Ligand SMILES: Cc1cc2nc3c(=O)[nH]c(=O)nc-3n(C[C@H](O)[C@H](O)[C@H](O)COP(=O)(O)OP(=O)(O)OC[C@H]3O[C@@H](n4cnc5c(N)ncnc54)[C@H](O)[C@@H]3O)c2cc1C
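The chain below stands alone and is given as structure tokens, in the form predicted alone.
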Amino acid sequence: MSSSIQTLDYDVLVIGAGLAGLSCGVRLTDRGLRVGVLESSDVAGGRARSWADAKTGDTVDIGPHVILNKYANMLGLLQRLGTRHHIQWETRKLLTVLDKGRRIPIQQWRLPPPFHGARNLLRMLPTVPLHVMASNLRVAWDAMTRTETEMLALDGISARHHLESMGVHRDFIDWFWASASIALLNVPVEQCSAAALMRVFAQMIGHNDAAFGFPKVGLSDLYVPQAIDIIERGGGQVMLACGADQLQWRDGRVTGVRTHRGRVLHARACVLAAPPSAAARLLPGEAPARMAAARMQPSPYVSTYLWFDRRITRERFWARPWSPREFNTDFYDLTNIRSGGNGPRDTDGARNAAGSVIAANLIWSHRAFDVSDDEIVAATLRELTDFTPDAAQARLLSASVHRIPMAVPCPYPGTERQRPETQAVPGLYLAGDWTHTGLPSCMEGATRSGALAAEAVLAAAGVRARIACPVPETRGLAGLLRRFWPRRTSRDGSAPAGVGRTSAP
């Protein structure tokens, strides 16, 4: 051991400079460790990055991202990096939904959960009959009373199967749940794990103060240069265009990495913060984490940016119910979010502050695989005009279409239980939104995974540190039911015949 310590290049090597890897690197650096970060791409940021548009020079994200005020780990990281003030919070409402020509503002009352959404139910009545809406009472009660362990008991079935078995009306599944599954988890409700969707639903009905936030700067500008600066000022290094080719082993323990350039780097511990496909190539064949990573499939999406010569809406964010016959689900006017940075340019190149920059997401984009960029732009324009007819009068100055191979790993039935724990093998720890975080795959999940990996690395060195913030507990009636209404569940997550519920001792 002493001879290997003398040849250490870093205290910890982190493979991957996305949100999970940089989050982990910052937290370890803050504890006095020298961290080396390897990134195969020539830019850091992974699936949460931004760049300058080639035509306009504006900062565009890989796709518009939303931050929730419940993201304690993400917001804590931004606080550490000094960029938390770069979030524009939507305080008047959560969002506006356009359905059959009607604008439905989704807001919350300050009533105990789950009653905070009562006003929204009333606004839905012209679209959804009362008896159809009431068919959700049983599934809501069920979601509020399940612990995380009981939630995972639903992982073997699809969300649609679970909803139907709980008596939810087919029309409501097609109208609400299909859209929620796509918007929140990036897969159709027929192919989504019931555990994944019900976990998110339980959080939604368990909090009456949720708010959406939007980065006022590019995603990369929120955390990438700041994290790199902290790591390198702490004596570490972030190495771009320097991917990991192979793990190095000694006495059954990971002791370093060989890069694709042939250089071997040694460390006391390694953190694998790469996407599932890359992780599967590096992990040993017998490791359960490798098998889990190899089974995970990506959910692709298309992000479209449109520049107009005039302001076409004052809204920041709106959505459309999902349909396989349509394209985009969520829209953003970045000019109403980002001050001074984004704005279309006139033909002479001058910034037109009065114009709009629209970003739209086409989620689960398999149906657009053979559709040209021009056709996607045309479809986006049609859907944009449905919401704001002023778009038809505006002149389109520029457009760009980004086809992204993976938004998140698909939460198919069976995948929630397969999400690996933080320690993969001796000396190697995992980070990433696809690991077991208690959260869906999202920026908060990625950030929390980096903090959990940092905790595990420190614990192995004999240092106890609480870095990761816990998953928010549900409140109000939902929180009370989950705490005081325990139950036994069968393998499919339902209460066995003859088993009642008892109060907590």
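When you see a residue number, it is the position in the sequence shown, counting from 1. The structure presented is a predicted model; accordingly, all values stated were derived computationally and were not measured.
Below, we turn to the form predicted in complex with this ligand, even though it does not appear here.
Note that among 365-373, 137-145, 420-428, 276-284, the stretch whose heavy atoms approach this ligand to within 4.5 Å in the predicted bound form is 276-284.
Interface membership of Ile15, defined by any non-hydrogen atom within 4.5 Å of this ligand in the predicted bound form, is confirmed. In the predicted bound form, none of the heavy atoms of Asn69 sits within 4.5 Å of a heavy atom of this ligand. In the predicted bound form, Gly243 approaches this ligand with a heavy atom inside 4.5 Å. Contact between Gly36 and this ligand in the predicted bound form is not found at the 4.5 Å heavy atom cutoff. Using a 4.5 Å cut-off to this ligand in the predicted bound form, not one of Leu163, Met204 and Gly479 places a heavy atom inside that distance. Among Leu381, Ile230, Val224, Ala407, the residue placing a heavy atom within 4.5 Å of this ligand in the predicted bound form is Ala407. Interface residue among Ser303, Ser179, Ser220, Thr313, judged by heavy atoms within 4.5 Å of this ligand in the predicted bound form: Ser303. Residues from 63-95 that approach this ligand in the predicted bound form with a non-hydrogen atom closer than or equal to 4.5 Å are Gly63, Pro64, His65, Val66, Tyr71, in the order they occur in the chain.
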